[in-house]
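Below you will find one chain, with nothing else, as structure tokens; this is the form predicted alone, and questions on how it binds or moves follow later.
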């Protein structure tokens, strides 16, 4: 029976790797099939971050498809920590019973950002562009609240700020599981504050944020123009700092460059270490590609690594997207990654793909994926079920077509260029924070370029 389960699981992994390569990670080989009975497949994960990754909707849905195709049945999936499985009484637990234990802090876990198993110090490539930021995060994780407090990291999108913040957080939690680490986006902090004011729960809000050992906030620049939120964060900052609790912040610019930020906050943010991450050089880009290929279990020849590194210069996420695209094409064509395949994926000119794909094709792909109508995307409706697919359309259209922001807005009910720009920045930020959304967008882009 055990051998049969092992064979089924091996076939599931092979199917997943071939048809859902954007979500595949090399550590999948270390997952353990525990049982397959009563319509439920139980899987053991060695790391909590692995469990979180597998439970994210995009990955979980892909895994269910793989299981269904291999077994020929509709099978539920439950992911448990391997050490918890050993301690369990043998009775299956129900999905969601222990959700709160997976959250970085107690409380409403859906409001916080999950840690990605990819974002560790071991997986971070150090180069001249990020050496100081990396060293500072390592020092903070070794001595939180003592070395650099606060630590402020800034740089353009996709350069590794989120990776370092999560790596420091996970390192501290791995060394001391009793540490209370709160890691979230600035937008989440603001939303929590607004909700606390509306519901009269400021005491609980302040207690939650001011009784942690480390507060890590991504994209702190979104405090701009929010006077009451700035006031609240100022007092939260002071409480934690005076208690010698670690504070790590990130932004797309230095504290002094954040518009409409109170001077007292600028002063507080600047009193520790402020460090910048720049665009990676050629050698660093190649090292990043090697590291990303190892994480995906890919064997990418040196000439292709060099080719991608020359073609993609902006940021780490674009490098990963390029690698994902080539790998996906290779898996569908037999598994061999060649230079000809890479050239086919990108063309001889950087703008070739951009001119080939139309907004109509993008809209068709997105409406089919989200099961919405074109009329909904062009309407004035702002519900998330409509607004999110609309923003995804605008994001992909800006990246894959040569249309201006005004022209893109015209396809969606005559919206102006500021709406398109806001949509692009919002999806870009979500991709940076949420691997599920990043994989979804990468999958849409890959499908469009492969079908072109």
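Numbering follows the first chain given and starts at 1. Note that the structure is predicted; figures quoted are calculated from it, not measured.
Heads up, the form predicted in complex with a small molecule isn't pictured, but that's what we're talking about next.
Of the residues 185, 246, 169, 130, just one reaches the small molecule in the model of the complex with a heavy atom at 4.5 Å or closer; this is 130. Think of it this way: in the model of the complex, the small molecule has a heavy atom of just one of 314, 123, 368, 175 within 4.5 Å, and the residue is 123. For the small molecule in the model of the complex, the listed stretch (157-165, 141-149, 305-313, 193-201) containing residues with heavy atoms inside 4.5 Å is 157-165. Within 4.5 Å of any heavy atom of the small molecule in the model of the complex lies no heavy atom of residue 137.
Proximity of residue 222 to the small molecule in the model of the complex: non-hydrogen atoms within 4.5 Å are absent; the residue sits far from the partner.
Among residues of the shown chain, residue 288 is one whose heavy atoms approach the small molecule to within 4.5 Å in the model of the complex. A residue is said to contact a partner when one of its heavy atoms sits within 4.5 Å of a partner heavy atom; residue 119 meets this definition for the small molecule in the model of the complex.
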